[in-house]
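Just one chain follows, in the form predicted alone, and it is written as structure tokens.
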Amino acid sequence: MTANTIELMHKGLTRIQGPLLFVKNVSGVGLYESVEVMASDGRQRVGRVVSVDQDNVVVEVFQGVDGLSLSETRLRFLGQPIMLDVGKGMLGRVFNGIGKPLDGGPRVSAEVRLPIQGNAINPVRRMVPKEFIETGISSIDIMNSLVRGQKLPIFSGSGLSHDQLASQVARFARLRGGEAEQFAVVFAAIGVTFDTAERFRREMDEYGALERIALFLNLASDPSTERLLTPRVALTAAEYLAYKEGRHVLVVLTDMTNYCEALREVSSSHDEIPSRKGYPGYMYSDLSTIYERAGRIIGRDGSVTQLPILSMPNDDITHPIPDLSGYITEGQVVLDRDLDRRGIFPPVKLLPSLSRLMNEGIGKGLTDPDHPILALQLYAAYAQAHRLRLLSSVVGEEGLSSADRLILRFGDAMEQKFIHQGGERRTLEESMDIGWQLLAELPDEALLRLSEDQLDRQIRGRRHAR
């Protein structure tokens, strides 16, 4: 105990309501202070103070209130926020949603204890996110590039293959060049089924990726309030790895919709006035305390990059969860149900997808000098193919010109050969080569964004080689 840590012990509650415990006659405690909740059988649970007034202190319990009684439950107020033990041994380990080991290994040897709420990065000390992170996914690396320090969400839908995509990104992602050894992944699964959690663990282990990953698993069977801790625990571990050890950390959070549902449930138990679709009015600011923990800091070598994944209820991109996430983050990668039905994986819908910081991480000296123009030309040709599909559904393909039919076939090939890649990992060079090969099927007149030099180097040579 530190000198300023007050340990107050109370026995007996006045009321239990949902995940909340109401205690009277408590003084000297602060908001969001950590609380140990002990049942009559000696089991300890984690809680925090969420309300303090003249009559009551309200404690939110993160691991459920089953087995707690008004007369026998004891509370220890610790005088500090909820802390996480962090150290060099976190990589290669599997933890539950509140940071306790699940893999049978010992507790992490703590080099420092950090509050899981974290601290906002001073805007004056923020660096612009930059430099490319290779995910091994063509539709992201070429068309929606991820850069260090960025937060780029994936908007999915219920039943789509976002869990498989999350696993592949965690296993495939890497840095290019001499900094590859400084890369790490923090993977947080929020409210997933036991089978999904085991698949994540097994795939990381089988592919030899677990040694550079810290895996946090919050199950659907765990108390929903625990989901409010999981992303913050994972980000606290990531910040230690980034800003203390100098690593470039990619944080994958799936599924943030489960987090928001838990937030709505807890808000309802507080009797708070709901906002859109029953979610609390402060959900925007709450999400920002998670998303804004991505970034780079002047004078620090490491970075924290976020790839949060959320499933849009009813595939509605205007739903409060994707809507508010879009305001805070720097773009979005959208998954498409129609592509998924056709067996295309990952089913990335390119036209509404966007990485706003893409240009900070690609081009000469970063990836390839022709990378930006390749992405623009692929996007332009694919958008034209999409427009022609709509037109052909009215007039029929035979009503199109021969040039239009070439572009229409390009759109099909783009989906089957470029977007679709199954379970294989592609390097940036392999993805670019596929893109150039597809563009070589089009006539020069359709490649208006390419210079004469680029046509000679990248297109005409490939045509002659066929």
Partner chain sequence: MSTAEVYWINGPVIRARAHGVFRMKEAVLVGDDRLAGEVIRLSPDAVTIQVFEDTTALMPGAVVEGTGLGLAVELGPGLLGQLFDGIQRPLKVIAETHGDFVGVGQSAPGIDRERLWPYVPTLAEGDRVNGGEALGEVQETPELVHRVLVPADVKGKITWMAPAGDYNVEAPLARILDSAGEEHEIPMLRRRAIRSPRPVARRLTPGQPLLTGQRILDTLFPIGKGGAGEMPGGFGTGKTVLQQTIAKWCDADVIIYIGCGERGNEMASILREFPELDDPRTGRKLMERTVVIANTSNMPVAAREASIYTGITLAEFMRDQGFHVALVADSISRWAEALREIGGRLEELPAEEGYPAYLPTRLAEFFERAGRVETLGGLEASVTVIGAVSPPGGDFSEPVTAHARRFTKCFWALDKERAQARFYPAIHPLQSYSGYVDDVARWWQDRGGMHWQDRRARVLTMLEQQARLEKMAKIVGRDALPAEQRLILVCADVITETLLSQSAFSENDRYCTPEKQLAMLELLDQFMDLAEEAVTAGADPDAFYALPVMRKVQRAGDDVANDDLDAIKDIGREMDEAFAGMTRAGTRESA
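We call the rigid core whatever largest set of C-alpha positions still superposes within 1.5 Å between the two forms. Residue numbers count along the first chain shown, from 1. As the structure is a computational prediction, the values presented were derived from the model and not from experiment.
Not pictured, yet referred to below: the form predicted together with the partner chain.
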Legend entry - 4.5 Å heavy atom contact, S69 to the partner chain in the predicted bound form: no
Legend entry - Residue contact check: S451 to the partner chain in the predicted bound form, 4.5 Å heavy atom: yes
Legend entry - D85: touches the partner chain in the predicted bound form, heavy atom cutoff 4.5 angstroms: no
Inset, instruction - Using the partner position in the predicted bound form, report whether A220 sits within 4.5 Å of the partner chain, counting heavy atoms only. - result: no
Legend entry - Stretch in contact, per heavy atom within 4.5 angstroms of the partner chain in the predicted bound form, of 250-258, 204-212, 98-106, 268-276: 268-276
Inset, instruction - Find the only residue in Q164, S285, T193, S158 having a heavy atom within 4.5 Å of the partner chain in the predicted bound form. - result: S285
Inset, instruction - Taking 4.5 Å between heavy atoms as the contact cutoff, choose which of A385, L91, I116, I121 touches the partner chain in the predicted bound form. - result: I121
Inset, instruction - Using heavy atoms only and a 4.5 Å cut-off, decide whether all three of Q63, G423 and D433 touch the partner chain in the predicted bound form. - result: no
Legend entry - Residues within stretch 198-237 having a non-hydrogen atom within 4.5 Å of the partner chain in the predicted bound form: none
Inset, instruction - Determine, after fitting the two forms on their core, whether G18 shows a C-alpha shift of 2 Å or more between this form and the one not shown. - result: no
Legend entry - Per-residue C-alpha change between this form and the one not shown, D404, threshold 2 Å, rigid core fit: yes
Inset, instruction - For Q377, decide whether the Cα shift between this form and the one not shown is 2 Å or greater, given a superposition on the rigid core. - result: yes
